[in-house]
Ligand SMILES: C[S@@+](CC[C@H](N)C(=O)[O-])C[C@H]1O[C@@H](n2cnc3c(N)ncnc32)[C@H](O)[C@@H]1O
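Below you'll find only one chain, the form predicted alone, shown as structure tokens.
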């Protein structure tokens, strides 16, 4: 598939959902209240580059997350999944064995989008991406994006194979916690001779001090029962020490360079939506925070640490 066609479809998806969500969230609020919510969301998301954790239970935070960070997360996940298909999944692909991805901290489902693209490229249709995240606003906006994406690719002949993959992935489910996931799929951690062989991949997003122990426990469960389960963690350099402690024991730690990411350039529709938002707010009401909304939304970000564990040592 053509990277630019995919990028355009995703860009249109994000911009469309952003406008729908903004209109919904603004209902019943006056101009000052809207400005307060926008400013608060920018303050919360700024924590991603420091040591804190944003309030992902805030719907305004979810809205501005998808219009800035979501493209980067999709791009990082796509780069890793493409490499995994080349290096690790070829045998499973040839035998058409199921590939199960458990996305810990799935947020707005960036890994699900990346998986659909990578699976389509490699003609592998037996795949599922189950997400675990306590944030209802993030999962809800992710599901909205997923549905809108289907509507957008439905009318593009060049993306007909991707649409078919979208339908194959219709069984993907979302959970609030790892325990609730295990309640639904208790066989995941044990050997079941009646199941087809599966390839299990864990993806973990930004790790915080607040969820470090929970993620470590989750990883330990998989290491105990499923042994060498490939895992990758993406984070900002400021949180790399936390991520290192969580994923410790893997033999392949590497930084993903910006030039290695498959999608490049600007998201024009999403950028335009953020810039146009300022025209709908009282002039100067956001003060210095206008800077955040005037920046071009890009598929790549300044170099980030990507800790990627292929196998356990």
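By rigid core we mean the largest C-alpha set that fits within 1.5 Å across both forms. Residue numbers count along the first chain shown, from 1. This structure is a prediction, so every number in the text was calculated from the model and none was measured.
Below: the form predicted together with this ligand, not depicted.
Between this ligand and the residues 204, 78, 153, 99, the one pair within 4.5 Å by heavy atoms in the model of the complex involves 204. Taking a 4.5 Å heavy atom cutoff to this ligand in the model of the complex, the contact residue among 165, 115, 73, 231 is 73. Listed stretches are 118-126, 157-165, 78-86, 134-142; the contact stretch with this ligand in the model of the complex is 134-142, by a heavy atom cutoff of 4.5 Å. When this ligand is considered in the model of the complex, residue 208 lines it closely, a heavy atom lying within 4.5 Å. Taking non-hydrogen atoms only, residue 130 never approaches this ligand to within 4.5 angstroms in the model of the complex. Taking the partner from the other structure, this ligand in the model of the complex has no heavy atom within 4.5 Å of any heavy atom of residue 148. At the 4.5 Å threshold, heavy atoms of residue 235 stay clear of this ligand in the model of the complex, well away from it.
Contact annotation for the candidate site: 67, 277 and 281 all lie away from this ligand in the model of the complex (no heavy atom within 4.5 Å).
Contact residues in stretch 1-28 (any heavy atom within 4.5 Å of this ligand, taken in the model of the complex) are absent; none meets the cut-off. Shown in the overlay between the shown form and the other one, fitted on the rigid core, is a CA shift at residue 206 of 2 Å or greater.
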